[in-house]
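This text opens with one protein chain seen in two forms, each one given by itself as structure tokens under the names structure 1 and structure 2.
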Structure 1
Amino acid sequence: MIDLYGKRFIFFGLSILIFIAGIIGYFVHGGFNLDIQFEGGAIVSLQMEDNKFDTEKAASEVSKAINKKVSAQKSEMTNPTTKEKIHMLVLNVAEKSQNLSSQEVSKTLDAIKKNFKVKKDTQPEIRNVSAFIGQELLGNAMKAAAIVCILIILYLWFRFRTMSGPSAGVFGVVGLLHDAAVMIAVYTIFNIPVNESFIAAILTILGYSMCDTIIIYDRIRENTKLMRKVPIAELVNKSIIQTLGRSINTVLTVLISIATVYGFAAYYDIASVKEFTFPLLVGIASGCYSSIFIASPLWVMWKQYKAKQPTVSNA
């Protein structure tokens, strides 16, 4: 039988390497790449001749022209009168002052006209976005995450009270925090824009990632009754091995489904779907990893530490 618990420090080290890479990415890119909702800025919409334009190239050209962070996406609507489709290029320009100068608007229009087919006589539609909305969303998300963690600890405390409930709950949440940290590290490494999709993905992972941990905990609880004389490390290792196939098959099924959606979004260049599914792919893979290699081994280490502590007896 594979001794996964005996190799726990290798798995801990792998997670630490990811965190260090994330920290390096943070400083290399000068912090998080906050999207317009969190940093404030302006949304510039332009009507195009057709939908055959590259959004990444459009963002790059405008960014070079006005020296600001820019992201771009396509938008399509139908004229209610003529029933013709209207193709729009939407540029998100991050700017703390929220306002673009007339010179910057002119440079934006020139950069797009120079590289793409803009509808004749079109005028840019400009909307200013305050960072307040994003900050409020982030604050509410943090509160939701804290409530989720507390409820998970209480649930695991009650559900697995035969295996020292509070510690099982705490290390289950440590696994969740590990998954959130891995997702954040991936964002800083690849300099991916942090927006409302990222917040939604984090909250989704906090709910989903606990499933694998509960499956392993459940098997540990069953084996505790059957193998009372087996050392705790061996018992947990055996429980992880027994549930390994189920955990991997479940995660692979979910990953294949989400990867299919991501591939569809990438093919049709649907930015909002890509921004939501990519962190989900990372978070779900990390959730399986943390359940097997982080949360359960940490719980065993805690149990062994407590067993070595001298027992206080009443005089």
Structure 2
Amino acid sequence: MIDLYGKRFIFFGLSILIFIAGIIGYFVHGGFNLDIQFEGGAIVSLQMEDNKFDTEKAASEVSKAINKKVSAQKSEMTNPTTKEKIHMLVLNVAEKSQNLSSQEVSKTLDAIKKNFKVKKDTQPEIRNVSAFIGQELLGNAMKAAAIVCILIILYLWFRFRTMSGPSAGVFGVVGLLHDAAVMIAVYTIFNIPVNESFIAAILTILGYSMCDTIIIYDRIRENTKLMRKVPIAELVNKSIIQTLGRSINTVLTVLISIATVYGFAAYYDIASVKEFTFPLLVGIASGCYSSIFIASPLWVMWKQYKAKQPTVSNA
């Protein structure tokens, strides 16, 4: 049987490497790549001659001109008096101060005029918007995550009391935090825009990643009753190996479905879906990895440490 526990520091090291890469990515890209939803910004509407323009191209041209994150949409309005349709290009520009300088506005105009047919003599209409996803939503998400962690610790404490519950709960949650950290690292390394789907992706992983850990814990719980004489490190190692098929296959089915979505999104170049599914792919893989190579070995190390403490007499 492979001794996974003996090689634990290799796996810890790998995780630490990913975190370091994430931190480097953070500084190289100058922080998180916040979308207009998080940062606020300006919505610039321009009247166009017709509705035959490419929004992707408009966004990238403007983005190049003023060096900010831009997304573009088409919009239509009916003139109340003439009943004519007015075609508009709507640019969402992310900017922390929520205000574009007049220079930036004119650069934006130039970039669009150079590439597209803008209606003559129109002035851009500019709306300044605060972050859509305010501090409130973000704060609520953080609060929710913290409460989830506490409740999971309490539940695991209760369910796994035969294998000294509180520590099982705590290290299960350490695995969760590991997965969340790996995903955040993916966002900084690949400079993926942080928006609503960021929150959704992280929360998915918080909900899902515990499953693999529980499969292993469940087997440890069962084996504790069967093999009372076996030392803890060996027992955990055995439990991991016995449940390896389950752990890998449950993750594989999820990976298959998400990878399919990613593949389609990549082929048709749908950025928002790519940006949502890629971190999920990593997070789900990490969820499996962390339960096998991080949470369980750490728990064993803790148990061995406790066993050496002279005051504890559960030996």
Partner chain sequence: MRGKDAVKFFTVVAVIAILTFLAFNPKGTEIPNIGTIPSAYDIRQAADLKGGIDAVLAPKDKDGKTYAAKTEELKQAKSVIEHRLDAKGVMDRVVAVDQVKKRITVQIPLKKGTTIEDPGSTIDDLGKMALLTFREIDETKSATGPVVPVSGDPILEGKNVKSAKYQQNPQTGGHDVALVLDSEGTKKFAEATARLINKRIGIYMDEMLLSAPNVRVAITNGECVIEGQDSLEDAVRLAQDIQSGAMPFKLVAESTSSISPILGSNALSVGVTSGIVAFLLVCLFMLLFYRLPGILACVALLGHTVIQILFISWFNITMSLPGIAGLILSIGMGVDANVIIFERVKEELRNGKTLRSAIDLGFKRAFSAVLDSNITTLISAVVLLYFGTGPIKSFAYTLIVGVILNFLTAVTASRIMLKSVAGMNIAKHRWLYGVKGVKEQND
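By convention here, residues take numbers in order along the sequence of structure 1, the first being 1. Source: prediction; values computed, not measured. If you superpose the two forms and keep the largest set of C-alpha atoms that fall within 1.5 Å, you have the rigid core.
In this pair, structure 1 matches the form predicted alone, whereas the other structure does not. Comparing the forms between the two structures, the C-alpha position of Lys107 differs by 2 angstroms or more, with the core used for superposition. Residue displacement note: Thr188 has its CA displaced by under 2 Å between the two structures (rigid core superposed). When the rigid core is held fixed, the Cα atom of Val148 travels less than 2 angstroms between the two structures. Aligning the rigid core leaves the CA of Ser272 displaced by 3.4 Å between the two structures. If you overlay the core, the Cα of Gln123 moves by 8.2 Å between the two structures. Relative to the superposed rigid core, Lys57 shifts its CA by 4.4 Å between the two structures.
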